[in-house]
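Before any questions on binding or motion, here is one chain by itself as structure tokens, the form predicted on its own.
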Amino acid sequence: MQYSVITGKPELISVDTLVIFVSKFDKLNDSLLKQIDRASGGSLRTMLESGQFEGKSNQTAELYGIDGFQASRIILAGTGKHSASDVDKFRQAAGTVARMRGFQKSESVLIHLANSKAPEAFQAALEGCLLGGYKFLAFKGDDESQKVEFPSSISFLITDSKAKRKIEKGVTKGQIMAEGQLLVRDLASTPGNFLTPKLLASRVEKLGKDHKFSVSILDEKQIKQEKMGALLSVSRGSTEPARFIIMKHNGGRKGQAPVVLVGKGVTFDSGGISLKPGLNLHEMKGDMTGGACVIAALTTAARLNLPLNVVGLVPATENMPAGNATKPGDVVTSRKGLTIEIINTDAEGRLILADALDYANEFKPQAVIDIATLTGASLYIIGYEGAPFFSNNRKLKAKIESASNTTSEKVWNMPLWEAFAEGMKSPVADLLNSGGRDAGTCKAASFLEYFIGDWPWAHIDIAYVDVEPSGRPYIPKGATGIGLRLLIETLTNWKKL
């Protein structure tokens, strides 16, 4: 697929489809819309008066054979009322258009963002196109109707040639960012028998070779040598051995302390002995979405040449029931040396993250961010709309909130009160791995806090933003890939805390 930025008049460029982004209007004041209205015999005025199209968010209208325009088809895409900084409206509008048959069947598409000159708007528009048109078809047969149809070329029209270079950079970044998010979706959607810990590690090794970041894998023997007893306690019941994935992007100066990203990589979660209910159990192939976000973040950081040293850690395992599986009531010893009483084997994510967070100390990091599908309780905090997050550092908290505002991947800061940490103490061991149903998301974060070193830390719980239940403009039903843009924006232009 080809992407380009061109100058010219929209009516003179020959393409299959011309897409024009339109802000909400109540009068035909825009010169291009007036031109289209005249050429179409007043169709726009008729649509406006009837309420069929007035530029509202995600409204669309298709026009064919408009006199004076070389495009075979014109699609008007509403962006609603928005400020100059609200580029997600472009992402949403483009995602809506990308699902239209006329767009999908076009060989060539020209996109006109009206008067916008911001590279971020063009970035968002291409992201919306790629994200909205996504389908996971890796395991479909040869049925032609199942194949993805998408334009061979997408061009962006600008009127100011002086802005071309900056906008081209925005378009390139949009492609890389979208492909990173699609990588998360692909990994999270892949069935567990095709993405065991070992297969996931192999996939990461190939990504490292393709995109020039370093990858090393600890096998079970090496994990034992590292004394990662919490991780091994989760993998015990599976015939698939655990892996510990280490990735490094060295984009900063030599000796610069890295930012460490840690992602939960449970490639299938049955709940272990504390077996989950059978309903929707197939979705637990996606319990490695936090790990997928970290893998995609390292890949994207390398592709964008971010000027920062970044380390990615993904403890990868299955959580299965078996005769030798960890049992409720067992006590295990973490890499840090803290003992953990297992109350619920389905609270496995915090166990594998505990060893990974302690391992992060090896890199003397300037900050650590972990991301995980950690708690079902997060559904009752802000539902499917955003991710609860926690931080022990005011500046890191502000960075993540700023990245959230920029990317429209919503987060909400939650407290790390001392009572939550006290609630994770065990009468038998140092800690419990589950503190009960009340404040479950907060207690899980407080459990993780026991394993961090003396560095700024943030924990992002994506348990209910990782899957979209019904479908939104640029997020089809299924795995969302949310978290990737948030992480990359946080890392972009990073300044020492």
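Note that residue numbering begins at 1 and tracks the sequence as displayed. Not measured: the values here are computed from a predicted model.
Unshown form predicted in complex with a small molecule; subsequent notes refer to it.
Though the small molecule is absent from this view, in the predicted complex it lies within 4.5 Å of a heavy atom of just one residue from Asn392, Ser72, Ser426, Asn344, which is Asn344. A heavy atom within 4.5 Å of the small molecule in the predicted complex is found for one listed residue only; from Phe53, Trp455, Tyr464, Phe451, this is Tyr464. Contact check for Lys264, Lys276 and Asp287: all three have a heavy atom within 4.5 Å of the small molecule in the predicted complex. The shortest heavy atom separation between Ala377 and the small molecule in the predicted complex is within 4.5 Å.
Contact annotation for Arg91: none of its heavy atoms lies within 4.5 Å of the small molecule in the predicted complex.
Looking at Ser40, you'd find every heavy atom of it more than 4.5 angstroms from the small molecule in the predicted complex.
The small molecule is not drawn, but in the predicted complex it has a heavy atom within 4.5 Å of Arg350. Just one listed stretch, out of 276-284, 168-176, 320-328, 298-306, contacts the small molecule in the predicted complex at the 4.5 Å heavy atom level, and that stretch is 276-284.
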